[in-house]
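There is one chain below, alone, in structure tokens, taken in the form predicted alone.
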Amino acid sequence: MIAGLFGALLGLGGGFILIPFFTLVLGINIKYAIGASLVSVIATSSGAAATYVKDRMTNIRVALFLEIGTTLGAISGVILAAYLEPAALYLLFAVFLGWSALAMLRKKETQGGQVIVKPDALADRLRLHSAYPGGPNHEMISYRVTHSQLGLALMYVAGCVSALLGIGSGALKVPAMDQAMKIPIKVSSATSNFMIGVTAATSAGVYFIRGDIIPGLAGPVALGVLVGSRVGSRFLTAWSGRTVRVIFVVTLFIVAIQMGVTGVRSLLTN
């Protein structure tokens, strides 16, 4: 339930809580922990996405556009998992996530008016620009999407990393939308929640065929995460963008440290 709450609030999926708990506390094999984590991501997305769409927080056009990259990346990640050594990847993305957290911390959240961004012909053609209820009185704030092609490329990387390392791809999706595409943090989190279920389902199908998803473990996980995600989705609407950003940055640092420790441990083991 805790993983679902934070996963829905931040658009991460909850794997950053579940995988360390399963492996370090319960002593579950990492491949089964990743399988259960992917199921939890699907449950988080299912529990929170409907609320965010109803509240007009999710940018569905952006989600469907970027899902092309994440789905292709997830398929590539599953294929590459059999050939790549994950230790170096853990260390690489630990550094990347730490840098992303610092960049997000420096960015100021606007409460009114549009942020001036570089014109993007593809975003104009696909009508990716939108508005969300983000003001003090929940009035609609317009925003424009930029660097859509860069965002699509980053989503491919996010999907690939999600399948390779078993982390919620939201840890890369939200910074990509927030930093590269200049989408407000609350919209980025909500849109990430909409997307992560599809990405996880792509990977989870392969893990299920391999026998790496144990129903007796994944079932209770999905139930608890579903309940927690329903609660977490209410916080995003009520809290300010600055509050969500600070919580996300702290969480991102925790995930970066966790990935770095895992990478060093894997190198020492090998």
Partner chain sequence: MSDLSSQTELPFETDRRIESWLSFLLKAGVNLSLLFILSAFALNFITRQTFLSAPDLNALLSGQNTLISPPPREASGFFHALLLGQSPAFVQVAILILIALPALRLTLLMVSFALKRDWTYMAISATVLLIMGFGMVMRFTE
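Residue numbers count along the first chain shown, from 1. It should be emphasised that the depicted structure is a prediction, and the values quoted were computed from it without experimental measurement. Rigid core (definition): largest C-alpha set, two forms, superposition within 1.5 Å.
Omitted from view is the form predicted in complex with the partner chain, to which the following refers.
Residue contact check for residue 89: none of its heavy atoms lie within 4.5 Å of the partner chain in the model of the complex. When the partner chain is considered in the model of the complex, residue 47 lines it closely, a heavy atom lying within 4.5 Å. For the chain shown alone, residue 154 is not a contact residue for the partner chain in the model of the complex, no non-hydrogen atom being within 4.5 angstroms. The closest non-hydrogen atom of residue 100 lies beyond 4.5 Å of the partner chain in the model of the complex.
Contact annotation for the candidate site: 43, 195 and 220 all lie close to the partner chain in the model of the complex (heavy atom within 4.5 Å). Applying a 4.5 Å heavy atom cutoff to the partner chain in the model of the complex picks out 27, 28, 29, 31, 32, 39, 42, 43, 46, 47, 49, 50, 53 from 27-53, in order along the sequence. With a cut-off of 2 Å and the rigid core superposed, residue 70 has a Cα displacement that falls short of the cut-off between this form and the one not shown. Once both forms are fitted on their rigid core, the CA atom of residue 55 lies less than 2 Å apart between this form and the one not shown.
Relative to the superposed rigid core, residue 203 undergoes a CA displacement of at least 2 Å between this form and the one not shown.
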